[in-house]
Each structure stands twice: as structure tokens, then as C-alpha cells.
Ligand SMILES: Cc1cc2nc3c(=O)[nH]c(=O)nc-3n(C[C@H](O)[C@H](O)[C@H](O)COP(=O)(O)O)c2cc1C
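The chain below stands alone and is given as C-alpha cells, in the form predicted alone.
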């Protein structure tokens, strides 16, 4: 598929058919994704292909708790866990324990254990060049060495007619997931990627136009119009 078409039609897919994904196809997707850039070419990612039924169910249950925390923020009109104090996070904006106790049905999350492919992408933290460590704001730079790989997974899946959803709900329950997945110290969960044959392939995506997010010379400079 043409690269520009892949980039413009790779939506988050949250509904899959029961059709399995062939191991050779998944291997090829991972083989393409590994060419993502990373700081110092350290390639600090690892991937767990989760197949065991009990582990899948346990992972789903942990993701449900993360989803409940997420949606509790949304229901209050807030961006979940956003660092809203001048770029700093000062604590949860909702009662997290109460949020986790409230059922909030969501077909995708509630049935996450049934997705054809469940990938958990982890990061070896000592391999991340985090150049914004120590700044008086939320750190974001370390992700630049991991998330291009994850985006490559989604793009490579789209290229072969599959769909993917990049999620982070599991991160909210990382201590429990660490024990479940036997993660060593210094390894963090970056994402759970669900993948499979989409029930429907979305191709008309809504995104901000270039002129809305690109400025010349300064943050508040004139729009770049090309």
C-alpha cells in the first residue's frame, strides 16, 4: 500500500472479527516495525505476545480498572491525568479508588481478552535518553525512543489490511501487571497493542489542518500555509 495512504488511513481499531492473524504475518509486522528510530539506536523496546487465556483475562481485568479511572476524568470534563498545573502533575483530579469501583461498560475494554493479537510493549528504562529529566514539567522525551516503534506496528498492520489500537490503560496497574508478566526491575509498560482483522476499515479520519498547528518562527507566529 502507498505510504501516504497508510499514514492517512490508520485509525484506532477497536472492533475485530474472530479471524486469527497468522504467525508469519505478525512476525512480518514486527520485522518491519523494528526499523523505527530510537535514541542512540538503542532499541529499548521488548514485546510480549500474550496467548495464555488466564493471562489475557487477568490483563483485561487490569485494563478495565485503568479504563474506569480514565473515564471518571472524562465524565468531569478533564483530560485524564493531564499535567494541568503549568505542565506539572500534582495528583489525581478524581478519587481513583472510587472510580475503580464503578462499572463503566465499554465493549472494547471489557472484551480485550478476545482480541486476535495482544501485544504488550515494554521499555528498558536505562536505554532511554530522557533529555528533559530535571525540568520543572512533565517529562515526555523518553517516549521518543519507544513510541515510533509502536506507531510502526500500527502502520505495518494497516499495510496488510489489519487494524490496531494502541492503548495505555494497563500502565495504571503496572505493579500488578509486573508480577503477572514477570517484568524485571527497570522495565516499564509502554503500551498494550490490540491487533486483528477490523470489522470495518475507517478511512476518513478527522484531524486538525496543518495551518491549525504549524506556526512560523514562534509559538504564536503566523500560520504556515505552504
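Treat the numbers as computed from the prediction; the structure is a model and nothing was measured. Positions refer to the first chain, counted from 1.
A second form of this protein, the form predicted in complex with the ligand, is not displayed here; the remarks below concern that form.
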### Query
Taking the ligand in the predicted bound form as the reference, which of 55, 166, 188, 176 has a non-hydrogen atom within 4.5 Å?
166
### Task
Considering the ligand in the predicted bound form, find the one stretch among 35-43, 155-163, 193-201, 168-176 with heavy atoms no farther than 4.5 Å from it.
168-176
### Query
Is there a heavy atom of residue 208 no more than 4.5 Å from a heavy atom of the ligand in the predicted bound form?
no
### Message
Quick check on residue 12: any heavy atom within 4.5 Å of the ligand in the predicted bound form?
### Response
yes
### Query
Could you tell me if residue 89 has a non-hydrogen atom within 4.5 Å of the ligand in the predicted bound form?
no
### Task
Select from 87-126 the residues with a non-hydrogen atom within 4.5 Å of the ligand in the predicted bound form and write them out in sequence order.
108
